[in-house]
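First comes one chain, alone, set out as structure tokens in the form predicted on its own.
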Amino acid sequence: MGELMDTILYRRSIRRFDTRQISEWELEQILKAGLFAPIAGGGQRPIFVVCQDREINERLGKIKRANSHPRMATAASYVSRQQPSIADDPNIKNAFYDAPTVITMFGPKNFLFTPEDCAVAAENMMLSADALGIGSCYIGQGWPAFDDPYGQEILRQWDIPGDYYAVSQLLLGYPRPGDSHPEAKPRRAGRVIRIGQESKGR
């Protein structure tokens, strides 16, 4: 458990990426982790589209930013001071933060557990990425990136089935040189409620 727990405790979302592309071997390890994630009923329904075309990623990221209307951060409520999100900084115009690799996770529209299936796959991939020294960021609500004619044409080019939708995106890339790793926030007390077995020593 040592190394796994260290990875879980260390991983943080990265939104500032180096321009270098991750290696093919690293990508394969990350995808393998996602493909072996627990899926409802073992159905293996999610589709992962890996895009490393900088022009496509930038354009889809800008479309997603234009179609996203997050409640903007305040002095007391924000996403990250160290790695600002689009909710923290209105000057960020690319919701994919110029990540060199963007994985869009698609799943069936009519399946109850599609969001959960994609989320657990993303978690597996984020942990494996961190173990390889690669930064990651999970982006929910994947469909706004395709909500215009260009996005719809990309879906046709990618041959995405009509009964599937973009659930989320996972951004991957090396952290930008010189940036310090985001610090963990203190854990809030009272988030675990135990029922039943009494604590030892009573």
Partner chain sequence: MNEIIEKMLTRHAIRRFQQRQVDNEILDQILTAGLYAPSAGNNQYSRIVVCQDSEINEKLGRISRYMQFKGQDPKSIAHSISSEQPSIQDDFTIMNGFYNAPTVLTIFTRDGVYAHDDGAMIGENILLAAHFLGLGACYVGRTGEVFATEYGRTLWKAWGVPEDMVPVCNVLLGYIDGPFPHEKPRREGRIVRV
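Keep in mind it's a predicted model, so treat the numbers as computed, not measured. Positions refer to the first chain, counted from 1.
From this point on, the text means the form predicted together with its partner chain, which you will not see here.
**Student:** Suppose contact means a heavy atom within 4.5 Å; in the model of the complex, does that hold for all of K62, A73 and D148 with its partner chain?
**Tutor:** The answer is no; none of K62, A73 and D148 reaches its partner chain.
**Student:** Under a 4.5 Å heavy atom criterion, is D98 part of the interface with its partner chain in the model of the complex?
**Tutor:** So D98 does not count as contacting its partner chain.
**Student:** Can I92 be called a contact residue for its partner chain in the model of the complex at 4.5 Å between heavy atoms?
**Tutor:** No, I92 stays farther than 4.5 Å from its partner chain in the model of the complex.
**Student:** With heavy atoms only and a cut-off of 4.5 Å, decide whether R20 touches its partner chain in the model of the complex.
**Tutor:** Looking in the model of the complex, residue contacts with its partner chain do not include R20, since no heavy atom lies within 4.5 Å.
**Student:** Answer with yes or no whether P38 is in contact with its partner chain in the model of the complex, where contact means some heavy atom within 4.5 Å.
**Tutor:** Taking the distances in the model of the complex, the answer for P38 is yes, it comes within 4.5 Å of its partner chain.
**Student:** Using the arrangement in the model of the complex, list in sequence order the residues of 174 to 196 with any heavy atom within 4.5 angstroms of its partner chain.
**Tutor:** Sequence-ordered list: K185, P186, R187, R188, G190, R191, V192, I193, R194, I195, G196.
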